[in-house]
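There is one chain below, alone, in structure tokens, taken in the form predicted alone.
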């Protein structure tokens, strides 16, 4: 059984009005437990709308979303429980910080779950360890922190609820390259060690290629592809037709094929490129 299954999902904004717009069109997906999923598409493709459905912030116009085989909306009065199981980190989540201390901000979600204080404390420390947040910051005001630290606090607040599925909408937006790489490494470690399902929305194809097991490609509300990074990024013409490009290193290595015959045209990361070039030099 799939961990998360989307069946014939269609969503129409402002349905029944002159402003009606179909944002998702008959989407079907099956996502497994302990999978790292990349979600890509140009602006307006339906990425955020899909993510909001997965967090039960939107109700399908048609179709169903199943978690462990159970329809999200089978018991509408208990939909809040779904949001504890499927955590979502919005773009620029630090804008949502509001408590007096970092501790209280991270504790907000677990408190709403009805956990006891000692359980909440354990969840907070677990989240801080995974996101590499200094424990000395816990009793500071979140507004005294740097931008990168605020981002970690906001993400820790979702991780502290220990959701089965974690959705991240452009979590590295606005971060410098070093901070971006550190944050993604920490999130990948969380996914691996806790055997969670993670869905990463990003415009950075290099990040998507490096960390994803499979990639969802949306365009104008339609599912274009759902496959491995190598298969997705081998479809250069199709990607360009929907306004997307392969990772930068993939484009560079394909250009090198003209002068260095024999290189693979399926290289997606810098590490793979370095290995391929070293092997070429070694075998000359």
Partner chain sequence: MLNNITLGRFFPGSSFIHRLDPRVKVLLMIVLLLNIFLSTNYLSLFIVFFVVILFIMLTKISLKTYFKSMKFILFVVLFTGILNIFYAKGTTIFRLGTFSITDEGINNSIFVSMRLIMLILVSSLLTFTTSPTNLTYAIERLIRPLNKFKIKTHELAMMMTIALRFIPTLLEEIDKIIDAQKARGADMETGNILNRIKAFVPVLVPLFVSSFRRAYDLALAMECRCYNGGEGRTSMRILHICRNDIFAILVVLGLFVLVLIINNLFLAVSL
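Numbering follows the first chain given and starts at 1. Worth saying up front: this structure is predicted, and the values here are computed from it rather than measured.
Keep in mind that the form predicted in complex with its partner chain is not shown, yet the notes after this line are about it.
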property	result
Three-residue site 84, 96 and 157 fully in contact with its partner chain in the model of the complex at 4.5 Å by heavy atom	yes
Interface stretch in the model of the complex with its partner chain - options 251 to 259, 221 to 229, 51 to 59, 238 to 246, non-hydrogen atom within 4.5 Å	51 to 59
Exercise: residue 189 in contact with its partner chain in the model of the complex, heavy atom 4.5 Å	no
Proximity of residue 169 to its partner chain in the model of the complex, heavy atoms at 4.5 Å	no
Distance check, residue 112 to its partner chain in the model of the complex, heavy atom within 4.5 Å	yes
4.5 angstroms heavy atom contact with its partner chain in the model of the complex for residue 161	yes
In the model of the complex, the residue from 184, 175, 88, 126 that sits within 4.5 Å of its partner chain by heavy atoms	88
